[in-house]
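So this first bit is one chain, no partners, the form predicted on its own, shown in structure tokens.
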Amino acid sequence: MKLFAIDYIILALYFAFVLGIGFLIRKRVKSSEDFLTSHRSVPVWITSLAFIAANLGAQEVVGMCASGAKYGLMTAHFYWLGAIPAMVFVGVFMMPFYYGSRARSVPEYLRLRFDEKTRGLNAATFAVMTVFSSGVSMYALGKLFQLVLGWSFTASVLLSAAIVLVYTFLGGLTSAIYNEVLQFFLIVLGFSPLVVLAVRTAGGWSGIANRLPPVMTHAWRYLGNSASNPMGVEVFGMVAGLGFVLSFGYWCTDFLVVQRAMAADSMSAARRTPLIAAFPKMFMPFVVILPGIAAMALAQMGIGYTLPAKGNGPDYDQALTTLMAGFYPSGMLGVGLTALMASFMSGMAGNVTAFNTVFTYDLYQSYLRPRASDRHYLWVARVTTVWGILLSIATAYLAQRYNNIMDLLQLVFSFVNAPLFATFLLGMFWKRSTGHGAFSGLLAGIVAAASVHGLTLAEGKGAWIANWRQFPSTMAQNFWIAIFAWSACFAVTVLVSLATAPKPSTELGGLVYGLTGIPKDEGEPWYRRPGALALAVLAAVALMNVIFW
């Protein structure tokens, strides 16, 4: 991949713009709340685009393209089954609890609903998860610099870390949110031409379908048996593992995305944030998955395109960058690389801002310095930003073991988000659930996830206890880890809650369904009503599933 002067100019302009946003917003950061929560003052159209862009990091763009090459159109389930229904649920049902409780973070909601130990456990596990996620983003951009500039992986990782550190250190969450909006448009602009060029060269959708096995071009048709599709998963594993546990566990409880909606300037805006974001989200498979499928078709055409090898198979993570190298001329290559770097910064900064909020409020303020000045907490938040990036550098090296970074991310989500969703489901909709039950359930879910991973093997990973079962893919293994983790957490939380005393109803106002006033939409036009938006979103995504059945 050879860059010309115009490509470097485009990259330089982008970096200058990003850093400029950080410097401008720095003047508005007067308190720890400004730095960590944006003081709940961001307009709904900004929070909506940031909501989707926070989940559109390098691991999403590179990883979904890689999954498209590895698993085919079934990867679209991460959107049409594994995102949209959960985004509707969090907007309609869960956001009133988050926003109405005035909690500054998801772990803080757990403290209000349950107790301190439940908050502490979730804060610690979430902090670990965000470090892993940001490390994966760093790995992706490090590989990009290595491919484009010919640098060593270490030098590439250090440079990418320094770039993100500057603007997140300066402007905090507000800087990250406004940059995420810019990055969303850059990602769409940078990759849409690649989709058109790759698909057209492969002969259109019909040409792709003729060159690849039918299982690669259908979403549902080959889910009847786990042996009949490359993901190695059947309908139950897909629907329960991805569509329910992992999907709802991520979109409904992951503070990285919830934080964007909580930054909105009103309850109505907070509820509409994930619903508005769902519309562009359902079309993202055509931007990030379709190029990976086209890459596999192009590799069959004998035109010189091929994926590099990694271990015993292809390096699917390089599907996107090799397509860019093959199809983009100078100038357009600069736009594409800028879009990739934008996606990296989106994911990296999103995880770092979530990490510093949870660490500062839910760990440091709660357990180390509970009565310090606000100026002190602002200083801690900035120091935590630096430490979060340093820890992410270490996890970037772990990602090198995987030939599809989405496999690693879903494994992490299986351990953290899957049991957490069971805790939230019971906490928000069953007032009898208790703090002892929630804490015991979370521990049981994590132990169950570790046990399933240790007793099963997939693509050489897992089975560190014994090999009781072998999965055909790490993604199938991840789905079943999530199912067992959620089930264990749910069962243990119910049993322990029934044996322990719950909080009185007077302490649960604004935290539990039935004891919380849900905002009324009378007088609002239909497009501002969460219920109407939700129905429109669900109808559109159902149509997508039917068309690509």
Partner chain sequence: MIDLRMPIGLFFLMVGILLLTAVPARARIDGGPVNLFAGLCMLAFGAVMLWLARRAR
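Residue numbers count along the first chain shown, from 1. Source: prediction; values computed, not measured.
One more form of this protein exists, namely the form predicted in complex with its partner chain; it is left out here, but the text below deals with it.
This chain appears without its partner; in the predicted complex, the one residue of F185, F286, W151, W205 with a heavy atom within 4.5 Å of its partner chain is F185.
Proximity to its partner chain in the predicted complex, defined as a heavy atom within 4.5 Å, holds among V380, V181, I393, A209 only for V181. Mapping the unseen interface onto this chain, R469 falls outside it, with no heavy atom inside 4.5 Å of its partner chain in the predicted complex. Under a 4.5 angstroms non-hydrogen atom cutoff, its partner chain in the predicted complex lacks R369 among its neighbouring residues. Within 4.5 Å of some heavy atom of its partner chain in the predicted complex lies at least one heavy atom of I6.
Taking non-hydrogen atoms only, P213 never approaches its partner chain to within 4.5 angstroms in the predicted complex. For a residue to qualify, one of its non-hydrogen atoms must sit within 4.5 Å of its partner chain in the predicted complex; none of L19, N356 and F359 qualifies.
Stretch-level contact check against its partner chain in the predicted complex with heavy atoms at 4.5 Å: of 194-202, 470-478, 77-85, 249-257, the positive one is 194-202. Residues A325, G326, F327, Y328, P329, S330, G331, M332, V335 are the members of 324-341 with a non-hydrogen atom no more than 4.5 angstroms from its partner chain in the predicted complex.
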